[in-house]
Structure formats: structure tokens, C-alpha cells
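First, one chain by itself: the form predicted on its own, in C-alpha cells.
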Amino acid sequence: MGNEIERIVKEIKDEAPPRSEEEIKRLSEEERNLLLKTGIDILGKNRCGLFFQHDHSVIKCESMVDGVEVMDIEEARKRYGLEEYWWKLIPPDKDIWTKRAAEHQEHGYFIRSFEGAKVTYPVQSCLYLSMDRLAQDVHNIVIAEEGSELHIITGCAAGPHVRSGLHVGISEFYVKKGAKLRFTMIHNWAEEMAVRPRTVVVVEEGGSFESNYICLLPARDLQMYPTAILSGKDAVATFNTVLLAKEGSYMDTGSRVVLKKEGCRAEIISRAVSVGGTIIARGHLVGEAPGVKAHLECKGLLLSPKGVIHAIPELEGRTSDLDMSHEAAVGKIAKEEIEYLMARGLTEQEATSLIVKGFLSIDIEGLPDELKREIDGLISTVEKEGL
């Protein structure tokens, strides 16, 4: 896979023509439907803010409520400086991808919920690539101020005529004392895309962070390993990941939580289905304080002899009086399950499809109903095509 990534990187372009807000109006119905499948309703229903980056241009950036701020990261740095947040959780020399983002950065978003603000609808952010073989390097900062509640839906997508490209996303999240941040990311990339998110979250006392990541469409090479640092007493982090890998896809994903203070809790849950692709499902829990509780669960379904699922659960206890556990299982669909459903009138194909759909389905709290229906429909379409 290394040679394949080298080829993609060599072929990418670092320059893109400027885009304007008029581009949103000119999006085709096919593009609008594609974005809706990533959780982005371009018509503006059920949201409290919108960030839309088209290639290298931020073409829409607005907040619709008083308690939330949505800005181009460049504007935010000019207005606030952001010295205490910028590259503080992720060093720019961490790897070749962070170095690239530091050197080539093309915007990104700044989203902040103000102290005590509790918003009903999510902020929608979209990172959209419409040029083939283009590189998009973004840096995002999210701050949930003390006592606030914020939900962000990020849709990352490539246009219908894009086959390859590179996306590097640096994200630094700050969840202040007693705040709650729910972050839902849905990827819909092209078949030859290389994708490199780099994310670190710090959660202060009594704060809560929930990550939901869904990738059901092919990507040539995906590598991500977000880390949550629970730095305050009674902080909580949850990671939910749903993956489907078709033949030719390589997904090296995982989550890491460091529980540093008494009473911290964490949960890492992943569901992986391979219909010919390779999935490496990592999970790492680090308990550093007494009284912490954490659980890691990885389940995988192999539906093709060409597929690979490699589960790597890790528990690291650095003190006594903690409670951490893990569960990992990889295999095929049980014959008894298929036979049970066939005895009730389903064909073998229908029975298998129903089981896979149930396995991949995830209840994302706070997601608008119409977007839930779109995601459920995407699951149905993808698993039928993949079987």
C-alpha cells in the first residue's frame, strides 16, 4: 500500500481555482444528494450553523444562533490569535502528514459554543473536493466553552467525477469544564482517495466528548487514530466507529483514550465489515488514575475470502483500583442466523443483507430524522452492492 500512496501523492495538485458562494447554487442534484448522504443538508434545514469549504475556498460560513460561533480558521486567527490552541495538541512535526498540513494549509473551520450555551440543532461543516487529483489540507479548531452543549456534523466528500486525491485534516478539540461535545463525521470519498485525519481532544473536569465516525463507501487508503485526553475529574469520552471496506480499500483506524483523573470513563465501540477490503481496527485505553472505568469493543464481519480484519485492542493500566475491559470478535455470519431468517420466508441474500444492515446500524443521538433516513438508506444500498 505504501507504493500506492506514493503514486497518489505524486499525482496530486496543490493549486485550485478560487470558488465563490455562487458555487452552492450551481451544485447539481447529484452533488446535493451526495452531500446529504454525508449528513450535510445544503438547503439549511435543522442546523444552527454552516461551514462549507469547496476545494481550497471557504464559500459559506455562518452561525444562525447567538450561542455558537462559526468562522474560517484564518479569520479566527486574525481576530483572536488562538496562540493557546493552535498546534498545541498535535505537533506539526508529528508525521509527514502534519508537516504537510502545516506547510500547505488551505483554511479549515473554527467552531465555538459560548459558555452555558445549549444549542438544539447541530452545526454542519462540509469539506468538499470537486477537482480530481487535488490535495486539501485543513486545520480545524473546536472549543466547547464551560457548561455548553454542542453537536457538529462534518461531511467529507468528493464530487461524482473525482477519482483520486488527498485529504489531510488536523483537528484540535477543547471541551471545557462541564461542557458536552458530540462530533459526527461521515466520509464519502472517491475510490482512489488517500485520507489522513489527525485529531486530538482534551476534556476537562465533568466534560463529555462523543465521536461518531461512519465510512461506508470506498476509499483507497484511510488512516486515522484520534486521541481523547481526559484531563479533568469525571470526564467522559465515547468513540463509535462503523466501517465497510470493499475490495481495494485499506482502512487503518482506531481510537485512543487516556484517562488521567479519578472518575473518568471511556468507551470505544467499532463495527467493521469487509467485503474484500482490509480493515485494521485499533483501540487503546490508558488508565492513569484510580477509580477510572473503560471498555473497548471491536466486532468484525468477514463476507469475502479476500477480506482482512485485524483487531488490535490494548489496555494499559498505570495504577491500581481501575476497571478496564475489552472484547474483540471477528468472523463470518453464523449459519444458524441465516437459516433462522430463511425459515421465515427470506432468501439467503435477503437474510444476509438484513443481518449486515443490523450489524452496521448505529443510533446517532441528535441527528435530524431526514439524515438518519439517508444514512439508513446508504447502509442498505452499500451492503447490497457489496455482497
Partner chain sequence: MNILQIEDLCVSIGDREVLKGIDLFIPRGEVHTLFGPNGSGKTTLLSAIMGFEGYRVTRGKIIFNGVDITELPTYERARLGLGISFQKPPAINGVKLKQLAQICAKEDGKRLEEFAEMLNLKEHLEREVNVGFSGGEVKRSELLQLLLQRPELVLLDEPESGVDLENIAIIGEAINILLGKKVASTEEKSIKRIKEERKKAALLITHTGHILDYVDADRGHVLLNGKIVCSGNPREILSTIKDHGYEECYRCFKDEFKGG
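Numbering follows the first chain given and starts at 1. Remember, it's a predicted structure, so these values are computed and weren't measured experimentally.
FYI, the form predicted in complex with its partner chain isn't displayed, but the following is about it.
Within this chain, N33 is remote from the site of its partner chain in the model of the complex, having no heavy atom within 4.5 Å. In the model of the complex, its partner chain sits within 4.5 Å of a heavy atom belonging to L346.
Within this chain, I355 lines the site of its partner chain in the model of the complex, having a heavy atom no more than 4.5 Å away. Residue contact check for K335: one or more of its heavy atoms lie within 4.5 Å of its partner chain in the model of the complex. Of the residues V330, C61, M342, M64, just one reaches its partner chain in the model of the complex with a heavy atom at 4.5 Å or closer; this is M342. Residue heavy atoms within 4.5 Å of its partner chain in the model of the complex occur in exactly one stretch of 315-323, 34-42, 53-61, 347-355, and that stretch is 347-355.
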